[in-house]
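Encoded as structure tokens, the following chain is the form predicted alone, with no partner shown.
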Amino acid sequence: MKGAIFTGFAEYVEKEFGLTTWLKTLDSCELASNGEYLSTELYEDVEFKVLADTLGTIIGVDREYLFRGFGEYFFPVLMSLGLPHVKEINNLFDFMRAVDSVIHIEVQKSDPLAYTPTLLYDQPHDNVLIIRYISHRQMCHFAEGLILGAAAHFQQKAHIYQTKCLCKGDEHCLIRVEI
């Protein structure tokens, strides 16, 4: 996983829960990186989950809550990186479809080692988009947070829930987004 995710998570934790909580989290973990991250480097995925689980224990919330909150916080950062490719989009659903067909392709062009999830879409109604999320990383709750961040960006109210989830043993996630 890219170090930018780790540095973004550190910023999120410091902003939401305080620097002391972040330092306590780092002190409570045995990490290969020793908690020192460079945004351009790659780190083991498991290290991110260890950080989130340790933080969750310290503050009394689950990983899903933290991932969702971090995704919502981190969306503006990611949007600023991908803006030239999606600047003409003006609504949540068109943006969501562009994530896999435009943004992930551009990410892989700029970094061939980058791993992005597979996203497949179905739109059974004008106000409903169902996303099949496939990833060995099981970061679907982070994806939910990114969707909520995107909805805020496009000034659309979105309700999200999952009917299937990798974290619960399903072979993929089904994320239903209603606006």
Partner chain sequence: MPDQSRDLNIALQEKVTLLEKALTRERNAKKKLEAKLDQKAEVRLYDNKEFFDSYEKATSRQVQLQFLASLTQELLLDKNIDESFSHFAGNVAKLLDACPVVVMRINQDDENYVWSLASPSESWQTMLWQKDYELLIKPMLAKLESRWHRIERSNSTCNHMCSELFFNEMLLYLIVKVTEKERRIILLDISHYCYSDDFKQTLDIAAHQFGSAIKRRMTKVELAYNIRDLRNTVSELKATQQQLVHSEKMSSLGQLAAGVAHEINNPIGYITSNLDVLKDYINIYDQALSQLPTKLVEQLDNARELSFAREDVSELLDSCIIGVERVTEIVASLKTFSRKEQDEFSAVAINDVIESALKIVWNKLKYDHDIVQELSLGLPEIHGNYGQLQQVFVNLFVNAAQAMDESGELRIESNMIDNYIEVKVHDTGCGMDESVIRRLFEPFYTTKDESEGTGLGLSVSYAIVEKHNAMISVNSEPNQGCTFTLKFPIVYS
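Positions refer to the first chain, counted from 1. We call the rigid core whatever largest set of C-alpha positions still superposes within 1.5 Å between the two forms. Remember, predicted model here, so these are calculated numbers, not experimental data.
A second form of this protein, the form predicted in complex with its partner chain, is not displayed here; the remarks below concern that form.
> If you check in the predicted bound form, is K164 within 4.5 Å of its partner chain, heavy atoms only?
Yes, K164 lies within 4.5 Å of its partner chain in the predicted bound form.
> Within a 4.5 Å heavy atom cut-off, is H136 in contact with its partner chain in the predicted bound form?
Because no heavy atom of H136 falls inside 4.5 Å of its partner chain in the predicted bound form, the answer is no.
> Is A143 close enough to touch its partner chain in the predicted bound form, meaning at least one heavy atom pair within 4.5 Å?
No, A143 stays farther than 4.5 Å from its partner chain in the predicted bound form.
> K109: heavy atom within 4.5 Å of its partner chain in the predicted bound form?
Yes, contact at 4.5 Å.
> Only one of 146-154, 120-128, 48-56, 64-72 gets a heavy atom within 4.5 Å of its partner chain in the predicted bound form; which is it?
In the other structure, the partner sits against 120-128.
> What residues, if any, in 24-45 have a non-hydrogen atom within 4.5 angstroms of its partner chain in the predicted bound form?
Those in contact are Y37, L38, S39, T40.
> Examine E72 after superposing the rigid core and state whether its CA is displaced by 2 Å or more between this form and the one not shown.
No; that C-alpha moves by less than 2 Å between this form and the one not shown.
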